[in-house]
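Given next, in structure tokens, is a single chain: the form predicted on its own.
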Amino acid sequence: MSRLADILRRIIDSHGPLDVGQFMALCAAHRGAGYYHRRETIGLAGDFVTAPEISQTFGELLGLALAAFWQQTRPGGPIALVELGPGRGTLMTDLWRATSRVPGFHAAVRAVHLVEISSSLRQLQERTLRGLPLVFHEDLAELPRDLPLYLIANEFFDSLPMRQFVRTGRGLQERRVATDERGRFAFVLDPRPLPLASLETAGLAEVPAGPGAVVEIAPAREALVADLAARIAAQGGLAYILDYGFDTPRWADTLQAVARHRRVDPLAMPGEADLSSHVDFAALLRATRDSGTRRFGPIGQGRFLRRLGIETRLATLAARAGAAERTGLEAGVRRLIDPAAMGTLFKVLAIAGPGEDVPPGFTDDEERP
């Protein structure tokens, strides 16, 4: 067991079982022992890969989409370019390269703002993105308030903490993490029930579910997206949120852990496996409904990337590549857009400033009220 496991046991012994959100937060961000403060975690040598690692076209197209929006709405005007959870810096590398040919765009970027809590990943990002005007932040609150935000959050929200509640004959009982007689982590139910009516704001009150069904509620995600939307409403700009999840309320236990590219028990390797869960896009939309922003989607990642021209970009790259490289390029793009892979499960939500144009990749009829 890890050092973090011992820390968690002491916390549970002193204060009682942790809710799932507390467990996730400590596993991810505990200073010195959390997952994101350890070795490199992303890529073939790490625990998982994300879309930018699969194909260069992903970051290129997102960059060109932001640049096109900038040309439509404020050509020549200064902006803050932002990425939440920039990983190895791969997406920003591809984005910056692709936008180098957009006249004036790089000059308009006053700084590249990276929201990153991991010191080891910050060091890697500094090396990867050497030469770019980088500014690092611990959280969204530190971003500039005097410039429009042009922001990308790819597979960021799924890692934020959520809480789980189980439907029982007594109502809703929160799932918590305790230790058993052998010191192993195990799920238990909080004995204090909540009424089923408490689900009304989550849109689940009328969704059928039997005993044992699990619902996940993520206040941290909703608070962050509400803050982001408020910033864009006041400052202008555009945010693309890309993640895996669902767009209608549902009962589901989606907590998962990944280590060395395979699924593991979420409680078995605290601080040594990546913990995440599916993003409830309907909840993100509810949290931003009164922000005054224009919100679009979510739509499937495959549809979004096709609209941005991923197949045309693939053809251009493939025409210059050898046979082996061409096969790799085609496999990467297929993985991003195929409904059986990432094309449908992964979704895209866009948030634009009041009165601004329809973001690239979306249509007028995909705006949400």
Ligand code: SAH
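The model shown is predicted, which means the values in this text are computed figures rather than measured ones. Residue indices: 1-based, along the sequence shown.
Below: the form predicted together with this ligand, not depicted.
Taking the partner from the other structure, this ligand in the model of the complex has no heavy atom within 4.5 Å of any heavy atom of Gln235. Within 4.5 Å of some heavy atom of this ligand in the model of the complex lies at least one heavy atom of Leu121. The shortest heavy atom separation between Glu155 and this ligand in the model of the complex is within 4.5 Å. Among residues of the shown chain, Gln56 is not one whose heavy atoms approach this ligand to within 4.5 Å in the model of the complex. Heavy atoms within 4.5 Å of this ligand in the model of the complex map, among the stretches 246 to 254, 83 to 91, 98 to 106, 261 to 269, onto 83 to 91 alone. The partner is absent here; in the model of the complex, the one residue of Thr179, Ser159, Thr73, Gln164 having a heavy atom within 4.5 Å of this ligand is Ser159.
Between the options Leu129, Leu199, Val115, Leu285, the residue in contact with this ligand in the model of the complex by a heavy atom within 4.5 angstroms is Val115. Across the proposed site, Asp13, Gln173 and Phe187 without exception lack any heavy atom within 4.5 Å of this ligand in the model of the complex.
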